[in-house]
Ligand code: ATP
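There is one chain below, alone, in structure tokens, taken in the form predicted alone.
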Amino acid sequence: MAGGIGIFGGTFNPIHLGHLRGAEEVREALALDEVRFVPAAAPPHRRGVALAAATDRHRMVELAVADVPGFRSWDVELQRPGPSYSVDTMRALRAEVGPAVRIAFVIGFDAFREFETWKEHATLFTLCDVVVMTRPPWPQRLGAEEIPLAAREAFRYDSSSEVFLHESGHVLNLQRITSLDISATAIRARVAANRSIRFLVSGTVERYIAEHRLYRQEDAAR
């Protein structure tokens, strides 16, 4: 099934070329019409972790995807008070586009391993397809044991397409992507040490970080 909308959420602290390349490979593989990048305003799984302001992280996403065909930023989670739950975002998108439009929720393999701790995770499978991104060394396929227990019985594996089919009609599949050894943690450390982040983030994001003095060691110590 071609077309539809991909949702790629995260803290994007900051957004970097690894995020962009992964999203591009998913967009191309699934023939999506667009991928929306959704910065989490108050990520429930990152409590206690220092984050740049949500407005700064959203602005960096806007800059990173500006003029990129098939990419757009979406500030839906900045518009809601309280923790940023993905199930609320998917409900908002489903209400926007209706029941017939394909929606693919894109999640990293490590995050999927913690999926059972997410709010209403079993409900997410009823709202959209779920695409699990993985980098080398790639697992051959998702195992049934990796599906959260509360949702496991609703799936059956289809060996011909190598996806799990949900009773709602949605699918769960693995998307193998190119490995780029780039992390937001390393980027923040390089900024704090006054080292270059060129070619790790887009030029527009690099300039925004410098102009707004994000991730500076002296500022973080205040």
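Note that the structure is predicted; figures quoted are calculated from it, not measured. Residue positions are given as counts along the sequence shown, with the first one as 1.
Beyond the structure shown, there is the form predicted in complex with the ligand, which is absent from this document and is the topic of what follows.
- Residues placing heavy atoms within 4.5 Å of the ligand in the model of the complex fall in a single listed stretch, namely 183-191, out of 151-159, 64-72, 27-35, 183-191.
- Contact annotation for T11: at least one heavy atom lies within 4.5 Å of the ligand in the model of the complex.
- Taking the partner from elsewhere, L172 is found to have every heavy atom lying beyond 4.5 Å of the ligand in the model of the complex.
- The shortest heavy atom separation between L142 and the ligand in the model of the complex exceeds 4.5 Å.
- Using a 4.5 angstroms limit between non-hydrogen atoms, M133 touches the ligand in the model of the complex.
- Although the ligand is omitted here, in the model of the complex none of R59, I197 and L200 has a heavy atom within 4.5 Å of it.
- With the partner omitted from this view, the residue of A111, V76, V87, V101 that lies near the ligand in the model of the complex is A111 [heavy atom within 4.5 Å].
- Comment: the ligand is not present in this chain, but in the model of the complex one of L93, I147, L124, I107 has a heavy atom within 4.5 Å of it, namely I107.
- Along 143-179, one residue reaches a heavy atom to within 4.5 Å of the ligand in the model of the complex: I177.
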